[in-house]
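Here we start with a single chain on its own, the form predicted alone, put down as structure tokens.
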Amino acid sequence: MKIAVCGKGGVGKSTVAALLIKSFLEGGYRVLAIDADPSPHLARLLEIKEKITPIAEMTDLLAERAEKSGPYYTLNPKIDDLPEKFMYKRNGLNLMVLGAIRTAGGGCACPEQTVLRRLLTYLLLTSRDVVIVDMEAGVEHFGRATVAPIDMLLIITLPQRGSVETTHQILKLAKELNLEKVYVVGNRVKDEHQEVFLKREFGERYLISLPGDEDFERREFEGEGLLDYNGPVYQKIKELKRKIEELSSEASRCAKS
């Protein structure tokens, strides 16, 4: 299972990704977690104390692997040795913090992005573990077809008009990439009225609602980790994990028939 988690900035995709990682680890799976957000948070949420420098901030390494010389660079950089050098490992969890290139004025930093995209694709294609990717916010990565190797896309949305509009945009782009297993997860859904609203917006694509929870929100506000959180949001995350397993098994049966 290779799962990408995305959505508009501020919807809680990193916390959803972290709790999904926790649930799969507790279920006995080995998990490869990939943080591909420009502002990586998975290490903190997973209570990893060691300082991990995102690959995107290793400018000399990226330039070297891109074989950057003036305006020229390679489209096929060497990346297969990077996971062994920079992957954090702990009790069934492998964490790779990629980050993403961001430049003042909106420059594309193409050589560096090429290395990061190739590394992400390599990780997705070669891992035999459950893979959970915390994608960058918004929809830019769809324009680069970065998510094409994934098995399932989870779009996190809030019961708010701006978040819902971004989710519809992501659904449209996912369809253009021929991604089939694309589902919407409602976050911070406070009541039945909000849940009905989201179900009406997304129909069969709507998978589950995650509730609000004061303890969970306090943890987010104070920047605490989530490994010992077992409140109502996590109970729903475990239900989400079961749904993912069912959908994955169904896809496998269809592929064999």
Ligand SMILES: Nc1ncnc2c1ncn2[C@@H]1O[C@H](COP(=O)(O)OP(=O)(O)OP(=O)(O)O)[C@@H](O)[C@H]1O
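Note that the structure is predicted; figures quoted are calculated from it, not measured. So that there is no doubt, residue numbering starts at 1 and follows the sequence shown.
Beyond the structure shown, there is the form predicted in complex with the ligand, which is absent from this document and is the topic of what follows.
Contact assignment for the ligand in the model of the complex, among 21, 11, 237, 244, heavy atom within 4.5 Å: The residue in contact is 11.
Could you tell me which stretch in 25 to 33, 46 to 54, 186 to 194, 199 to 207 has residues with non-hydrogen atoms within 4.5 Å of the ligand in the model of the complex? Result for this chain: 186 to 194.
Flag residue 182 as yes or no: does it have a non-hydrogen atom within 4.5 angstroms of any non-hydrogen atom of the ligand in the model of the complex? Heavy-atom contact with the ligand at 4.5 Å: absent for residue 182.
Answer for residue 211 alone: is it within 4.5 Å of the ligand in the model of the complex, judged on heavy atom distances? Residue 211: contacts the ligand in the model of the complex.
Answer yes if any heavy atom of residue 137 is within 4.5 Å of a heavy atom of the ligand in the model of the complex; otherwise answer no. Looking in the model of the complex, residue contacts with the ligand include residue 137, since a heavy atom lies within 4.5 Å.
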